[in-house]
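Next up is one chain by itself, shown in C-alpha cells, the form predicted alone.
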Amino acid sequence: MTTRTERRVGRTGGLIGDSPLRPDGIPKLKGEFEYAQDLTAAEMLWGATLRSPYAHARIVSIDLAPALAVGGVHAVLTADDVPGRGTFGLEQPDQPVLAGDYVNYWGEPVVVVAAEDQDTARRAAAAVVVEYEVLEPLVDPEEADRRDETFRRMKIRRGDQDITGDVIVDGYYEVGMQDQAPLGTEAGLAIPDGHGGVDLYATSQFVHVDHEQVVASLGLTSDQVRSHPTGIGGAFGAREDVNLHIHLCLLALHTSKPVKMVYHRSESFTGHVHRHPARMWYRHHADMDGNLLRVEAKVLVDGGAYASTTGAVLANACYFAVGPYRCDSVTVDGVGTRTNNPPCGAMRGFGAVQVCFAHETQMDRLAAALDMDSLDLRRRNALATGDAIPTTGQIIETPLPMTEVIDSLVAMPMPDATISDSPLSLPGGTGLTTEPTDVSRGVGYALGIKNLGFSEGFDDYAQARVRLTAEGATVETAAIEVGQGLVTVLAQIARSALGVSRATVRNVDTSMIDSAGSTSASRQTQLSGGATLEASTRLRARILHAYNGDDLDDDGVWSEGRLVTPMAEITEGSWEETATFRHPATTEPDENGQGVIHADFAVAGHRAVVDVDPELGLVRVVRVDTAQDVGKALNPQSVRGQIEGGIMQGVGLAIMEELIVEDGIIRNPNFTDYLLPTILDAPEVEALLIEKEGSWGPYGAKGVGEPPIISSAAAVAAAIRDATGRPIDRIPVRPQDIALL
C-alpha cells in the first residue's frame, strides 16, 4: 500500500495513523521549552574546559596557580582529580576523562574549571599554563592502516571468489567528514545530593550508558548517580558519546554546588564526534544481461583518536557495501583506523551513507558500460523478501519492497523542464553568475538499504511503563526525545492500545526505570514503541479481567475499542504495567562475516534534479523525490518530517558540508565556514510512503529516521554527474570538481 495523503491532524489526542500536534511543539515555537541550556539551580557555578591546541603532544607540566588566583574560582581539576576509572568510552573505555600524559587530538580536554559565572570560568581556564612537547601527529588513515593503528579490521567472504564478469567497472571514492550540526550545543547541569551522590541533567541520546560511564569514573555506586533525560536541541549521533557529563559531576562533587556548562559553537565542534570520512575502492562484475555477479570492495574509515563507535560504523559500512542488490560472490575488507584526527562516531546513517555513495556510483557506471538504463539495472538486481543479503548470506524474511520503491520513483512526475530565470532559482542565486541558457540540468537516482536496531548479537531492548489514572494514561520511559517525535508516537500507541482519549509521555531518570537504549539506529519507535504497546496491552487485559471482561459488549469497560467505564472507577485499583521489549535475536559474524547479523531492514530510493553552473561549479538542488519503506506510518506527518530533514542533511553532505581537517586541526569550526543548507537551498520534496507492515515493530512500523539521508546524497551526486559529465567520485562536491577549467 502506498499513500500520498495526510491522515487526521488533531489538536489533541490522536491514534495510530493520525498526525496529532506535538505536545512540545507550541512551547518550542514560543521559546518556552526548557532545553539543557536553560537549566538553573540555586548557588549554581559555571564550568569551563581547557583544551589542547595540538593534535598530538606530551604534557610536560600543568601550572594551575594562575587559574586559582582568579577571583570567583571554586575548582580547577586535572586528570589527578578523577577518583575512579580515568577513562570512558561508548564501546571501549579508551578515552581519558582529562588528558594526563598525552593529548591525542586537537581540542582534547586537559583541565576543567568551576567559577561563579561563565566568563570567569572561561578566563580561569585560559589562565592555566600547560607546557607541551609537540609530537608529529598521525593524520593519514592509509598510513595508519600500514602501521596497523586500527580499531577494527573486517573480512567478508561469500561465494565463489574466482568469478569474473563479462563487464567490469572499478572506482575509487571518498566521503568527507560531516558534522551533525545540532542547533543546541552540548550543555548540562550536575547537582550534588548532599550524600555523596549526584543528579546529572545533560544532552544525551542514551542516559543509561552515560550513567555507566559516569559511575565508573566517579568511583561511586550505581544508585549514587541519577542521569535524567533532558531537553535537547537535536542529536543525529552527536549525543551518543559522553563529553561534559563526567566533568560536570566531578566539579559538582568537588565544590558541593550545582555546576552548569554550555559549550560555545566552536567548542561544540571539538566536543562531539563526527561522521567518519571514508575512502573506498570498488570493483563490480556483471554479465552482458546486467546480472550482478561479483562485488569487491575495500572500505577505510578514519576513526580519529578514540574508538567511540568506529567498530560498529565500519561493520555497517561493510555489511551494506553492496547495497540493496543480489550478488552471490562478495569480497569486502574493512579497516577502521586510529589517527590523531578528531574522534568520529555515530551520525545518521551510521556507515551506510558512505558506502551508498560508492555502490550507487558503481551501479551508474556499470549501467553505462552495459549501455543499459540505470534503473533497469537496479530493478533487475533488486533484493526482495526471500533473497540473501549479499555480504552476510542472511535470508530476508520480512517485507522488503525494493522493486516497489523503484517503480514508485519512476512514476513520480518530473518538475517542469524549463529552467527558471528567477535569481533565487539559479545556481548562483542573486549573484546572477550564469544566464539560464548556460545552466545544465541533471537527474540522478540512488537506492539505499539500512538495518533497523543494533546488530552482531547485541541484546537490544527497551523498557516502558504505562500507568492509568483518572487523568488518563502516562507512558514512563528513559528514551530520549531529540526532536524526532517519539513523545507523540508513544502517546498514540498508548491511546490506541488502551482505548483512552488522554495519554502523555513522561521521561524518568535511570533510577526509576530500566534502559530504553539509544535514540539512534532507527530503533526507538520499534523498541520503545513495542514496549509501550506490550505494557498497554497487558494493562488493558488486567482491567478487563478485573471487570469480568471476557465479553466486551457486556462488561461495559470498553465499547467498540473505547474505554467507557468512568475513569475514577477504573483507577480504584493499582493500574500500571511495565514491559521490556526485545528485537529478534541476531548473531555475531563468523570468520567470513556470515550470519544472521541484523534484526530487520528498511529501504528507500531518491531521485534528485539539479541545475549546475558548469563554468563556476555552482549547484542548485531543484527537487528531491523519494519513496521509502516505512512499514506502517504511525504518525504520517512526523514520518514526513523525518524524511524531509534527512534529505536536507543529504543535500548538505552532497554539496557543501565538510569539516576541513589539516594536520589534525579543524580549520572551520563555526557556522560561518562550515556551510549548512538554508531554506534558500531547500529543494522541493515529494515523499511517497510505502506501507508494508514489518515483522516486529508496533502495528508493523519500521524505523524511518536514517533511510532519508543514506541515498539522498548519492542521488544528488548522480544528478551533478548527469548534468556535467564529470566523474564526481567524491562528496561533498566542490566547485573545482565541476568547473570546466
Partner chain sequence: MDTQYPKTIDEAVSALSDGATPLAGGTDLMVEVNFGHRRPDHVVALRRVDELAEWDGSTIGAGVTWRRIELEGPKALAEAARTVGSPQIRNAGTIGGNVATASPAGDGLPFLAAVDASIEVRSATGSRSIQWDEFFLGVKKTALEADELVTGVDLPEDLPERQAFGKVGVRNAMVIATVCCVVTRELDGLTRVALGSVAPTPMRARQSEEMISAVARPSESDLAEFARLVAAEVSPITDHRSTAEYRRHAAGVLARRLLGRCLR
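Residue numbers count along the first chain shown, from 1. In this text the structure is predicted, and so the values were computed from the model without any measurement.
The same protein also has a form predicted in complex with its partner chain, omitted here; what follows describes it.
Residues Val215, Gly219 and Arg465 are none of them found to lie within 4.5 Å of its partner chain in the predicted bound form, as judged by heavy atom distances. This chain appears without its partner; in the predicted bound form, the one residue of Ala41, Val70, Ile62, Leu675 with a heavy atom within 4.5 Å of its partner chain is Leu675. A single residue from the set Glu149, Asp119, Asp170, Glu131 has any heavy atom within 4.5 angstroms of its partner chain in the predicted bound form; that residue is Asp119.
Remark: of stretches 204-212, 105-113, 596-604, 419-427, the one touching its partner chain in the predicted bound form is 419-427 (heavy atom within 4.5 Å). The closest non-hydrogen atom of Glu615 lies within 4.5 Å of its partner chain in the predicted bound form.
When its partner chain is considered in the predicted bound form, Ile163 lies well away from it, no heavy atom lying within 4.5 Å.
The closest non-hydrogen atom of Arg623 lies beyond 4.5 Å of its partner chain in the predicted bound form.
Its partner chain is not drawn, but in the predicted bound form it has no heavy atom within 4.5 Å of Val410. With contact defined as any non-hydrogen atom lying within 4.5 angstroms of its partner chain in the predicted bound form, the stretch 357-388 contains no contacting residue.
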